[in-house]
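Form predicted on its own, single chain, as structure tokens, below.
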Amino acid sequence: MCLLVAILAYFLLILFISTFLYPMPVNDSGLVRYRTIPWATLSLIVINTTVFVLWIAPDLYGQQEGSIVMETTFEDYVGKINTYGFNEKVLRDGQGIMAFATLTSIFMHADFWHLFGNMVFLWAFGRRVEDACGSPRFFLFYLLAGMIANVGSVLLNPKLDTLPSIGASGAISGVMGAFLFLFPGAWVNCLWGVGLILRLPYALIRWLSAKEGYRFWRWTVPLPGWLLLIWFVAQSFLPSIETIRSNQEIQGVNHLAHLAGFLAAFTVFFFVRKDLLMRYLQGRSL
């Protein structure tokens, strides 16, 4: 029981620190048109989590005693990344499972925080995009965006010789780009420590002057979605330029895949419901 409390406290502390300066999106504040259950988004979260918990985590966080056993489990972890992860060698030299790695790599994550961060962003932006597409088409769009992100990272810099890339970041970048294209005026509720502090004087004034029933405290801060997403593009674009210039990944992150995934968002118009597509082409709000 004490161990569980300690783990939870550690998780909340890291979460607080990570969201104090940079806002972490929780969900969009807009109303969906069809109000469908986001089966595809939920399924993708379950699949990614299951793959990590049952297949990656035992080798990464193996608690067996003995250095030889732990070294063996870590070697298994590295072997899985080399086999099912994606880089230019899987296409050029036929390593791993070759082109199939463009698909398998987007369901693998390096550690718990890698998984957690990706799934939070998928939950925040994926549900409304899924509602605009329908669950089956959104699922296909997600896979396509992830595969384009992988292949695009090689096309943007074919000389880059990197370690295998894993993670759903490229696919989720496509989902975030689709959210920006389809709902440019949407607001997103975020966990943001600095924002909560800055909002206190305004909330206090509203509370003192408002009628009964005004909620003084809210855990989330609403921010324009385009502001978060443009900032994300900037964070990916500048390191991508440096990666292309130096032929080296920046901080071990495949920023080129993030950028390529965001560009893959243009394909969402092949998956959007027909009535919403017509509204979009007519310049009407979705």
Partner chain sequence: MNAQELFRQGVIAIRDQKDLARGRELLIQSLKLDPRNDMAWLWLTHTTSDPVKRLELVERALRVNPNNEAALKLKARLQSAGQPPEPVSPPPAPAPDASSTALVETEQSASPVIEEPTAPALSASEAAPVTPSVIQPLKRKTIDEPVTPAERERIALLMDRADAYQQGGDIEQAIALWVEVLSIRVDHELALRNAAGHLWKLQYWDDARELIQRAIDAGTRVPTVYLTAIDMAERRGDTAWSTDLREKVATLSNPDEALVVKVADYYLGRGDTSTARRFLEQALAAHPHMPAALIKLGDMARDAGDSIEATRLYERAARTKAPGKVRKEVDKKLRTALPVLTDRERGNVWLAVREAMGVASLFLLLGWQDARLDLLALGPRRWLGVLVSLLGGYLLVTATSSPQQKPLAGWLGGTVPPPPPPEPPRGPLDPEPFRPPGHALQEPTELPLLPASARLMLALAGLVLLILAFILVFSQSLEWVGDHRPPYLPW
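Nothing here was measured: the structure is a model prediction, and the numbers come from that model. Numbering follows the first chain given and starts at 1.
The same protein also has a form predicted together with its partner chain, omitted here; what follows describes it.
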Completion exercise
Partner contact check in the predicted bound form: of 34-42, 255-263, 229-237, 52-60, the stretch with a heavy atom within 4.5 Å of its partner chain is 34-42
Problem - Close approach of Gly96 to its partner chain in the predicted bound form, 4.5 Å, heavy atom - result: yes
Exercise for the section: Find out whether any non-hydrogen atom of Phe20 is located within 4.5 angstroms of its partner chain in the predicted bound form, and reply yes or no. Expected result: no
Practice task
Please check if Tyr10 has a heavy atom lying within 4.5 Å of any heavy atom of its partner chain in the predicted bound form.
Solution key: no
Practice task
Using the partner position in the predicted bound form, report whether Val194 sits within 4.5 Å of its partner chain, counting heavy atoms only.
Solution key: no
